[in-house]
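Given next, in structure tokens, is a single chain: the form predicted on its own.
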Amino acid sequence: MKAVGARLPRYDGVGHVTGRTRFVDDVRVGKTLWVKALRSPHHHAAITRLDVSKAAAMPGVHAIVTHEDIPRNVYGHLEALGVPGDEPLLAAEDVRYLGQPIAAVAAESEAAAQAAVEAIEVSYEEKPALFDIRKALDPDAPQIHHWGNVYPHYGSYNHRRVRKGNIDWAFEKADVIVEGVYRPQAIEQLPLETQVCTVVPEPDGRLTVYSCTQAMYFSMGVVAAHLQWPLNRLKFVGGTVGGGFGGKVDTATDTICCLLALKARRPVKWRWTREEEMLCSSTRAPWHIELADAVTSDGWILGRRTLTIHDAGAYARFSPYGLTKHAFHHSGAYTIPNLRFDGFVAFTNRVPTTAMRGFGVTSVSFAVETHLNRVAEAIGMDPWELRLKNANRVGDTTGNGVTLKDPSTVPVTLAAAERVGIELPAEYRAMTSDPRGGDLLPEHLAAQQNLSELNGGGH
């Protein structure tokens, strides 16, 4: 307990400030080849011809890989969770975003590798591209994905659904209906360290992978799946990740480096340029979020309708998972007895999107909190009081049927108000997270409570 409240030095602080911290880019191995990738110059196109023979014959080139060299080219990062794979490691029949990798070269120098990339002969047939997720569901929208423009694998539905209570009753009884549309946009994680990987083929047939991944065992599993190898033939070595924030869970360089190392029988290294990082790395996903709240004139939120569209980019990757988290948090830190949520993952011709700090949650939290300010303004109520009145309390149930046992909304809101100098009425300052009662338990909130589970009953 001596550490609680104490100012403790970071274990890696001295190395950082003295420049002695070792990153993946600092790994040095003799006879290492450099890697460069041939990337799509189009947002959406069919590949009609691909010929690497001229590039392979160039001086200093030791290996070139295309989709034909990959034992399992299409593998999904979340297949273990039931999300089927849809993205090729290297494009085969078509490209679906600007910068999508098609082939990779390992050569004696970066210049030689880049020259070989430029010598690869490839022809395209351009197709219409789609960039606006609001149009993805339109019948006349360009079809950019073999599943259609919407991810279809949510059981018997093509979207994530949440239903609680009687939403029609809530909107019939409301004094005011407040609607809003919110569109959090893509954000590049922008790590100081770009994507980088070094792979060394060992004499015993194993591969040692020096990786900047944020999730070591996760990336090892992805590489093993593509290579169709057992895990014990791979040795992953991490180190200090030079910034990730969610953007380094995509295993962007590791597998391709492994394939080139096996083919060249030499160590290989791939370090993305800053241009590649900005052009080709995954971003936080854009969202389109529509909220409609049914509210009483004294500040009770009777019901909420939510329609949300998540921009997955060209392939699914982690998007179905992000939408699921989004669905769990769509009512925010507030108890709303009647809910209807419909969430879609839509495909566009942008770079596939991925995690970034609070993946799926921060976007809907932004929408919910912004919307509550609009609700407060519409009914002429203090926004702090609106939040405290509808805040989650012990025994309340979420839209997904989870009984809350230790919600923190009330004390956190009170602490925030005090910190910024908001003087709340005494009845609000006295509020706690205890189970609802009295004026805080109107009839419309009684049925959603589940106190029996707190007392040892329920399931």
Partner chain sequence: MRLTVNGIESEISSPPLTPLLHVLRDELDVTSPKAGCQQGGCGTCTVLVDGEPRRSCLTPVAAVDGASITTLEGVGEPERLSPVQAAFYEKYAAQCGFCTPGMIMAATALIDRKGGPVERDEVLEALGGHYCRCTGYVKIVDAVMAASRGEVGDVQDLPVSEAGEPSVEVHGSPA
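By rigid core we mean the largest C-alpha set that fits within 1.5 Å across both forms. Positions refer to the first chain, counted from 1. Source: prediction; values computed, not measured.
Another form, the form predicted together with the partner chain, is not on view; read the next lines as being about it.
Shown alone, this chain has one stretch from 380 to 388, 274 to 282, 94 to 102, 314 to 322 that lies within 4.5 Å of the partner chain in the predicted bound form by heavy atoms: 274 to 282. Checking R28, K31, K54, R49 for any heavy atom within 4.5 Å of the partner chain in the predicted bound form turns up a single hit: R28. When the partner chain is considered in the predicted bound form, only one residue from N149, N349, N338, Q189 comes within 4.5 Å through any heavy atom, namely Q189. Using a 4.5 angstroms threshold between heavy atoms, D250 stays clear of the partner chain in the predicted bound form. Using a 4.5 angstroms limit between non-hydrogen atoms, I177 is distant from the partner chain in the predicted bound form.
In the predicted bound form, at least one heavy atom of G242 sits within 4.5 Å of a heavy atom of the partner chain. Taking the partner from the other structure, the partner chain in the predicted bound form has no heavy atom within 4.5 Å of any heavy atom of A446. The candidate spot formed by T66, P71 and G205 is out of contact with the partner chain in the predicted bound form: none of the three has a heavy atom within 4.5 Å. A displacement of less than 2 angstroms separates the C-alpha positions of P435 between the shown form and the other one, with the rigid core held in common.
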